[in-house]
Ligand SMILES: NC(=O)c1ccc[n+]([C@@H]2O[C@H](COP(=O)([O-])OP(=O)(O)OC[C@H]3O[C@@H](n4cnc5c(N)ncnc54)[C@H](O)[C@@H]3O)[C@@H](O)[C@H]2O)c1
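One chain comes next, on its own, written out as structure tokens in the form predicted alone.
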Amino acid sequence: MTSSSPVRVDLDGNTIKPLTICMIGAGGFIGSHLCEKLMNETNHTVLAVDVYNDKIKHLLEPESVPWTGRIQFHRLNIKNDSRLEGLIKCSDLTINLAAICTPADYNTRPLDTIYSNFIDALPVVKYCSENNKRLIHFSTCEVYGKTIGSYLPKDSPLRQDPAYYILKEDTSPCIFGSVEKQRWSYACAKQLIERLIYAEGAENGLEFTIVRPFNWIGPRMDFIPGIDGPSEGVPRVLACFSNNLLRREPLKLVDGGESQRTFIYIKDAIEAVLLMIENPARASGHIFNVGNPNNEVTVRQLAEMMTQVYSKVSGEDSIETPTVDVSSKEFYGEGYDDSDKRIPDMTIINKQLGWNPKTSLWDLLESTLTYQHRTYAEAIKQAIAKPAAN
């Protein structure tokens, strides 16, 4: 967007003034898509804070981009860098995306998970509060834990009653497993930082918005093990299944793949975040679910759909045994636990920001798997061929 672009207005018709945004975790999946949106469609400036910038390198090239000077990369780790407060001070708004948020880590690295999502976020909240700066903090749908319905008898008709499983920001309880189930280390840390932010708002006037993403997926999500990530790592479900499809291996269904999830296209979700950025009067003080309740499937159904979509985009037939069941203990290790359903209530975001998701599950999978195939198929073929050549 150049200076001759039309003036942007908020939902109440007010002119939107260009902001300086300190984006922590700008180099990640969500951050990279948000940076693209801000560069392409607005006049805002981004101070991009992260340890890595691979996913936003294309935005940082000075040649031939209309937004030269509107995005600056600051390589720092928020754990121990005194420059962070200065960057927050000279910004109008801070967006905190930094987190360890991969389920395989919650069991195996619970301390890192708790520190990353609670302790490391404390200075960010403190600097925003002390300097009267607005904060948009990314939490997670995991804070809801399990549904009330999951505690009812298996044959109870109440399990089908939305009152027992639809997740509402202002009324649903946060229900976690026992302390031995370390899978909840992430959810507890995220819930506690939410409570701290809310308390800073109530006691010290911090202007905040909390975002609870429900499975945002799309290009550049996560990593493909051994190609652009660690060989031993276990990414989240979309990248796990993509990795299996690219390698022509069965997709592993944890505990039968019976958990139900909703999935939303990253580009739809980023539209919602831009509305929060540009409509502080409507967004401040709110917690927003951002998901697509229409795209609900079991993990098994997701695997079946991804197998079909990948056949279409790659031109390859599916393998003979497309899925295999594994236990959660075998896949994630001791201490794993799961939530049964995650369906967001959309009333608050719809009322405050007039936002609704648009993209169907089939379309978002087609877009994502086309990207995965184009980006990784050749590299994986070469990686598979290498041992045979030695």
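Because the structure is a prediction, the values reported are computed rather than measured. When you see a residue number, it is the position in the sequence shown, counting from 1.
What comes next is about the form predicted in complex with the ligand, which is not displayed.
Transferring the ligand from its position in the predicted complex by superimposing the C-alphas around the site leaves no ligand atom within 2.4 angstroms of any backbone or C-beta atom here, which marks the site as open. Residues with any non-hydrogen atom within 4.5 angstroms of the ligand in the predicted complex fall in just one of 192-200, 152-160, 90-98, 170-178: 90-98. Contact here is defined as any heavy atom lying within 4.5 Å of the ligand in the predicted complex, and by that definition each of Gly28, Ser139 and Met221 is a contact residue. Think of it this way: in the predicted complex, the ligand has a heavy atom of just one of Trp216, Tyr144, Phe288, Tyr310 within 4.5 Å, and the residue is Trp216. With the partner omitted here, the residue from Cys188, Ile78, Met305, Leu274 that has a non-hydrogen atom within 4.5 angstroms of the ligand in the predicted complex is Ile78. Residue contact check for Lys133: none of its heavy atoms lie within 4.5 Å of the ligand in the predicted complex. In the predicted complex, the ligand sits within 4.5 Å of a heavy atom of Val51. At the 4.5 Å threshold, heavy atoms of Arg236 reach the ligand in the predicted complex. Contact annotation for 161-179: no residue has a non-hydrogen atom within 4.5 angstroms of the ligand in the predicted complex.
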